[in-house]
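Shown next as structure tokens: one chain only, the form predicted on its own.
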Amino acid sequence: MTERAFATPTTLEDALAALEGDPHAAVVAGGTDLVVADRSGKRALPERIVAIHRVPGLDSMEEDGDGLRLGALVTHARIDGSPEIQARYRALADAAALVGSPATRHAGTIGGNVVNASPAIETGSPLLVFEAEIELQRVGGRRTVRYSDFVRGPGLTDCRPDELLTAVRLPGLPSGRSGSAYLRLEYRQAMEIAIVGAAALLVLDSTGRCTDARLALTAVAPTCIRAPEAEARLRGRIIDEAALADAAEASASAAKPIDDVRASADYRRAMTVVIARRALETAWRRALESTA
């Protein structure tokens, strides 16, 4: 039987030192991804685990200029229940509310969710439409990477072996009346992952014209992706049902789904249009209800 080591640093410096000293060490926070992967036989537990749940400050949620900084240990339950996120970054709250079960949401963290890098990650598309940044630290250095560049493929990220994801940063929103939403197609209402998902952000001026549009898709490519053609069909246009339908149809051009045990590629491509339209319609309604 393989002998495993388990470290529980109580300072950020000690956590970074543990990662620097062992390139094969794995970080655990809530443990909802690491433990499930081991039990399902997808990935064995690493020989050395660095648990960061006792590191102070990593569970903070604070203003960051005109945006918001979420520490790596902020849970999905806190995101879903945050009035600030509900008011400004609603799509992220929508996604957090769908993760796993209540128990999962109270243990699972935004940092762990991002590093796991599943193609069906619920928070991925919202982070794309909000143009989030990932904060990484190592002994002697810190860097910030755009979320769109951070996830490189299924289970693959730009996080180096000696780095720790310390925060997710949400920039301020464009000026104007804005609304956002995340929706997914699912078979069950709990302990489920997206068959297809979509996050939308719409910004309107006082006349109802779209000054910015962002649409991202989940589970239809190796990573969550933006839908640039759909976005282009909305910018500068007075938003109505026809405009949203046009953009939703265009979203299918970005989808590159595969066949798997949960759905066929053709079904996912067809449902991309449906879910994209629902996300856009919800974001539009929320934008109309908002104040600049």
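Residue indices: 1-based, along the sequence shown. Nothing here was measured: the structure is a model prediction, and the numbers come from that model.
Unshown form predicted in complex with a small molecule; subsequent notes refer to it.
- Comment: the small molecule is not present in this chain, but in the predicted bound form one of Val129, Val151, Val196, Leu164 has a heavy atom within 4.5 Å of it, namely Leu164.
- For the options Asp212, Asp80, Glu133, Glu192, the residue carrying a heavy atom within 4.5 angstroms of the small molecule in the predicted bound form is Glu192.
- Candidate site formed by Ala227, Ala265 and Ala270: none of these residues places a non-hydrogen atom within 4.5 angstroms of the small molecule in the predicted bound form.
- Considering the small molecule in the predicted bound form, the lone stretch of 86-94, 101-109, 168-176, 196-204 in range is 101-109 [heavy atom distance within 4.5 Å].
- In the predicted bound form, at least one heavy atom of Asp33 sits within 4.5 Å of a heavy atom of the small molecule.
- Although the partner is absent here, Met61 lies well away from the small molecule in the predicted bound form, with no heavy atom inside 4.5 Å.
- When contacts are judged by a 4.5 Å heavy atom cut-off, Ala72 counts as touching the small molecule in the predicted bound form.
- Within 4.5 Å of some heavy atom of the small molecule in the predicted bound form lies at least one heavy atom of Ala26.
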